[in-house]
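Okay, so here's just one chain, in structure tokens, the form predicted on its own.
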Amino acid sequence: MNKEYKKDFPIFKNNPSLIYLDSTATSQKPQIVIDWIKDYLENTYSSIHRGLYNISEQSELLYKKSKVKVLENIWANSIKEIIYTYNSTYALNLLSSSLKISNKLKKWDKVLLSITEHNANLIPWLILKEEIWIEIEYINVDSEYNLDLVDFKSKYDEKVKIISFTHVSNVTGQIFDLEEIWKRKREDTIFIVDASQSVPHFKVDVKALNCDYLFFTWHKVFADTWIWVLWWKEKLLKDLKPSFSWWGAIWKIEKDSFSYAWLPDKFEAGTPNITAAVSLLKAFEYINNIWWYNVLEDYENNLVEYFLEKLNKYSNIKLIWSKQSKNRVWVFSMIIDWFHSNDIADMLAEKNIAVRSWKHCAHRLFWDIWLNHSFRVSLYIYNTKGDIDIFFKNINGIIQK
């Protein structure tokens, strides 16, 4: 790749020694998004939905345009299916609690999760396990950290009402073949996909996945924080009651009764994060300017191979996953014998190298593979082979100590 994308991100100009290797947690923001947020707050910012004055109407239009952009990029049918929430924890709690009060989940119904799930796709179901006595079973992974389809078949019985799987593991970087799951799915089962780590890396098509609900974030793809997308099939939304409600989600209030607003407002109670929503528009503009997934996937494959080539020189660094470059994104979780990963992250931080350590909010996976911690390197479009060289130079220094 000829273009140097790092210069598009002012954080690297302002922190010239920073080696940022934590994009799985959140991405850095290009200048075009930062300028857009500033311009919006200075010139157009206003509350939406009920204002009849000019800047409110402009904000409303931008808010809806951002949803149209999301719709186009995940191949959804209508903006009625696009709900904005504040984070994945909020999204899953909204969904799980709404399923409960709508009687879509009842006592002894079963939810299938994989052992690789982020806690955001685990804790809400554990809460329902305590509240209404649902059952939870976990699908294992095979030796290559793929979903174990044999294990899935054995556990997918008539009691299963929910299948909720991550698309890409935030620990191993493994891409799961979820199309194989929906091929085996019955009509009476709701299929939920956590696309938080797939949307930043490759094109996600809700029609190809044939899922019922899908959620992901845009702060991992150049936009502002507090903007998560919860997509759901419109026909399922009509029968679902929101688990909480008020301003924006209510259409009419009588003396002792009320009626919900139309979709998607029905599930967006309160004032939304308008600034983050409109930042999506410039994030998409930046994405379009770099020819997005074609460029990103080629560049990603190149850096994955380069990272693994460097890693293969270190027999004492163990990768949580096989050292194959196929069917994965540029996320690498590792351990080094006799070192605690927090110490490694701390020593790297002293050199202004940003990595993540501990269990990466995937405690169930670490419990199943008998590990207590790891340190994680995650790359993005602004990283280079030079960043990887600096990382391994410093890792080598730590090992030599």
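All residue numbers refer to positions in the sequence shown, first residue = 1. In this text the structure is predicted, and so the values were computed from the model without any measurement.
Another form exists, predicted in complex with a small molecule; not displayed. Remarks below refer to it.
Stretch 81 to 89 is the answer when you ask which of 102 to 110, 81 to 89, 205 to 213, 309 to 317 has residues with heavy atoms within 4.5 Å of the small molecule in the predicted complex. Residue contact check for residue 287: none of its heavy atoms lie within 4.5 Å of the small molecule in the predicted complex. None of the heavy atoms of residue 96 is located within 4.5 Å of the small molecule in the predicted complex. Using a 4.5 angstroms limit between non-hydrogen atoms, residue 120 touches the small molecule in the predicted complex.
Interface residue remark: residue 161 is not counted as part of the site for the small molecule in the predicted complex, having no heavy atom within 4.5 Å. Just one of 219, 241, 155, 233 comes within 4.5 Å of the small molecule in the predicted complex, counting any heavy atom, and that one is 219.
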